[in-house]
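Presented as structure tokens, the chain that follows is alone, the form predicted alone.
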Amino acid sequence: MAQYFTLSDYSMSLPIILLTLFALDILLIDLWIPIDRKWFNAVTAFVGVLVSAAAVYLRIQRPLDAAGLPAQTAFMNAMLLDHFAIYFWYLFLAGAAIAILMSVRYLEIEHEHHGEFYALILFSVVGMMCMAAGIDIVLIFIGLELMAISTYVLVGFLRTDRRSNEAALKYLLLGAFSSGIFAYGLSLFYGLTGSTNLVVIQNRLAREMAGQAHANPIAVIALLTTATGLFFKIAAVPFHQWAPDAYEGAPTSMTGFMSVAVKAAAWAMLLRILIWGLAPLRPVYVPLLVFVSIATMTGANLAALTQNNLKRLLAYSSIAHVGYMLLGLVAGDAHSPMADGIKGILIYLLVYTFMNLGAFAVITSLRQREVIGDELDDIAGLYSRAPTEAVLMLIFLLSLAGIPPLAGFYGKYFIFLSLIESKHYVLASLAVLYAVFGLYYYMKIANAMFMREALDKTRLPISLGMRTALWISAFATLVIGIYPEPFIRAVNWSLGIAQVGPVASLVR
């Protein structure tokens, strides 16, 4: 019997529909806006993000389904609107809002202030929302490609900049290659189970593996190819080669957006697939996660030590944080008694959104007419040129290093706690050791800001939008660090678990 989409399906996807309409609206009104008023596109995009966030809020003000259950499916069970998806939707919208504020003055300086930039940001968020809410691999892949194609264009948005063009081309080629491998792995799982729904795949894999000492070799091949695509999207070693080049060549405000929102979307997809879909294969993929996490922490931290380009340094820093988060997945999944590892990942992504965007906002503000502003020398003596921005940058760097009482501490705390609880003492020791490496290269930036003499003595002009982005990021970084209880409860809510054990004792 034929199935049709219902009004409830469209109601559940209202935040996605609204973002799409605002993106299309920007493409239309941009034709009539004079060059000196292109900032109106940013206002439209920002309003679209706020309207979409309001639609998400209105959705959670009532039970997610008529029976009061914590989740509801839509579009013939392709979309799952649960607390997990809503948590990530808020992360994507927050990252997009701050990135829009960062972009206005930057694009004016680059003479590339076009409405397409903001429309592509909104389209990429639409793809991210599909990735987080998708419970069917077809919808997840469609969302992934929508996000990826928008991001490819945004990375190469500076058309006259050779670095931007080169970065976009590398990102496109490697991204297309990884997407092909990822799709191949998913197709193998479809062939094994006869379904594209992750819940059905999980049940049929569990039945197939029941009573067997070893996994089906085809399932192992499917797992490896799928994992390869996932590792590329989160930029884990050895699938990280695209990240430093893409981060360096992209518009700096776009680099900040990629480092948080795109990374969070990739993690939402990874958690959906590994925890919800491929849970029966956990004994197979945990050793792989251990190897990749150690390689990621080692390679990224050592590479970051030698960087003098701020965007490349933060790119390797971002890769190193992926290694820490993978350890949380090693320690346990959301359905285990020790779920602190998964909570650590979600808290990490929350705090990383603000502290990393804040750091990139400071770097974006260094861009002037004749100064690119992404080298370590460009931030030298920043305290004498812009003392407030220098102090805020120090806060972001200390938070990235995991220094309490700033927000970044709690991500590492729950990761390390989960490793100790699950008796992975060696991995916990390695993670702490590499956190010290991170502190060194973050303090290298701080030393340049406060101890070195500025090459340019003029005061650094900061636009209103940039100041707003900086203060929002700093406020969130400080508040989450000083008063983490509401945010830890939000993570517990997103996973549908009770607040017990070490978490309860911490937040009391």
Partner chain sequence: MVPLSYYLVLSGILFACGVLGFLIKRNIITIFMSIELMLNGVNLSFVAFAAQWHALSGQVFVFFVMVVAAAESAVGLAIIIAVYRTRQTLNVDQINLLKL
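Residue numbers count along the first chain shown, from 1. Keep in mind that this is a model prediction, so the values were computed, not measured.
One more form of this protein, predicted in complex with the partner chain, exists but is not displayed; see below.
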Quick check for you: of 431-439, 161-169, 320-328, 269-277, which stretch puts a non-hydrogen atom within 4.5 Å of the partner chain in the predicted complex? 161-169
Counting any non-hydrogen atom inside 4.5 Å, which residue from Leu366, Leu230, Leu186, Ile201 sits next to the partner chain in the predicted complex? Leu186
Within 4.5 Å of the partner chain in the predicted complex, heavy atoms considered, which of Ile149, Ala78, Met209, Leu289? Ile149
Any non-hydrogen atom of Arg312 within 4.5 angstroms of the partner chain in the predicted complex: yes
Heavy atom of Gly180 within 4.5 Å of the partner chain in the predicted complex: yes
Test of understanding: in the predicted complex, would Ile420 fall inside 4.5 Å of the partner chain by heavy atoms? no
Using 4.5 Å between non-hydrogen atoms, is Glu248 touching the partner chain in the predicted complex? yes
Full three-residue contact with the partner chain in the predicted complex, heavy atom 4.5 Å, for Ile142, Ala176 and Tyr190: yes
